[in-house]
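Quick heads-up: it's one chain on its own, the form predicted on its own, in C-alpha cells.
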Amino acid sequence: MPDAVKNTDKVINLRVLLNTMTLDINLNGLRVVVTASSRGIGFNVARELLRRNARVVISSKNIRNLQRAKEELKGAGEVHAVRANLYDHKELENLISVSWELLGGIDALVWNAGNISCEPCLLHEASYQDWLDAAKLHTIAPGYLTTLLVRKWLEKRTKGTLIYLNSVSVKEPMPPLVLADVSRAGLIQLAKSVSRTYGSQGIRAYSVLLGSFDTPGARENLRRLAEERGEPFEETWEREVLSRTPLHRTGKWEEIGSLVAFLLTEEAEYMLGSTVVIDGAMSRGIVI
C-alpha cells in the first residue's frame, strides 16, 4: 500500500478517535433540561451532553440567542428550545411543563445562570433591587425548579438528578461577585437537602463549583473591571484568571462535559449530595 494511503488512513482513524472520545460516557437518550444555555457555560455543557447522546432542552430569555443556539446545536443531537426568564415563576413552570411534553419526561436538570446586571460590583455599590435580583436568580429560581421537578418525579415514581452549576467563589469569595457568592452558597445546602430527603426514592443532587471558563460573560465582566481600574484587559485576564491556577489556563469544555455526564450516570449515585470542585486548583482550601 502506498505511504500516502497509509498516512491518510492514520489521519482518518485519528479523526474518528477524536470524534468518539466524548462518547465514552453514553447517556443513552437521557432527557436533560439545561438553563441559561444560549451561550457560555450553559451552551457548551448542552453541546457536550448532546455529544454524549443526551436529549436536551436549552433555555434563555433572549429568543434570538436561543434560536441561534438551537441552530448551532442541532447537528450534535436532539435539541429543543424553550424560552424562560429565570426571574419569572410562571416561565419556570412553563419551562418544566413544555420540556416534559417535548421530551416525554425529564430525567435531569442542569442548573446554570448568568450574572445580575450590577455585577461585577462591590458590596457598597449594591442596591436593594440588586440584592433582590441576586436572590431571585441564584436562590429562588433553582429552588423553585427543584420543587417542581421533585413533585413530578414523586408523582410519577421515577428517578431524577439535579446538578447545580455553581462557582468556586462561594468557597473563596471574590469581592466583585459578592451578591452571587452569597446567594449561590445556598445551592450546596439545597443539593445536600434534596439528596438526604429524597435519595431513597432515586432523586439525587450535586453542586459543582466551577473555576474559570472562557465565556462571553466572563470576558464582559472582566472588561468592565479592567475599565474601572484603568488597566488593559489582558492584564486583568492574566491576574484574575490565568495566574490563579498552576495550569495557567481556563477549563476545557470536554472537562466540564465529562464531569456533568458522569454525575448523570448511575455510577455517581453514591456521591449524591456532594459538592464537586473543578477549578484547576484555583482555590487554596482543602475543606469545603
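Just so it is clear, the model here is predicted, and its values are computed rather than measured. In case it trips you up, residue 1 is the first one in the sequence shown, and so on.
Keep in mind that the form predicted in complex with a small molecule is missing from the display, and what follows is about it.
- Of the heavy atoms in L187, none are within 4.5 Å of the small molecule in the predicted complex.
- In the predicted complex, the small molecule lies farther than 4.5 Å from every heavy atom of G160.
- By the criterion of a heavy atom within 4.5 Å, L86 is counted among the residues contacting the small molecule in the predicted complex.
- Contact check for S183: every heavy atom lies farther than 4.5 Å from the small molecule in the predicted complex.
- Partner proximity in the predicted complex, defined as non-hydrogen atoms within 4.5 angstroms of the small molecule, places exactly one of 45-53, 258-266, 59-67, 225-233 at the interface: 59-67.
- Contact annotation: of the candidates S212, S207, T146, S99, the single residue with a non-hydrogen atom within 4.5 angstroms of the small molecule in the predicted complex is S212.
- Interface residue among G77, P120, G202, G217 relative to the small molecule in the predicted complex, by the heavy atom within 4.5 Å criterion: G217.
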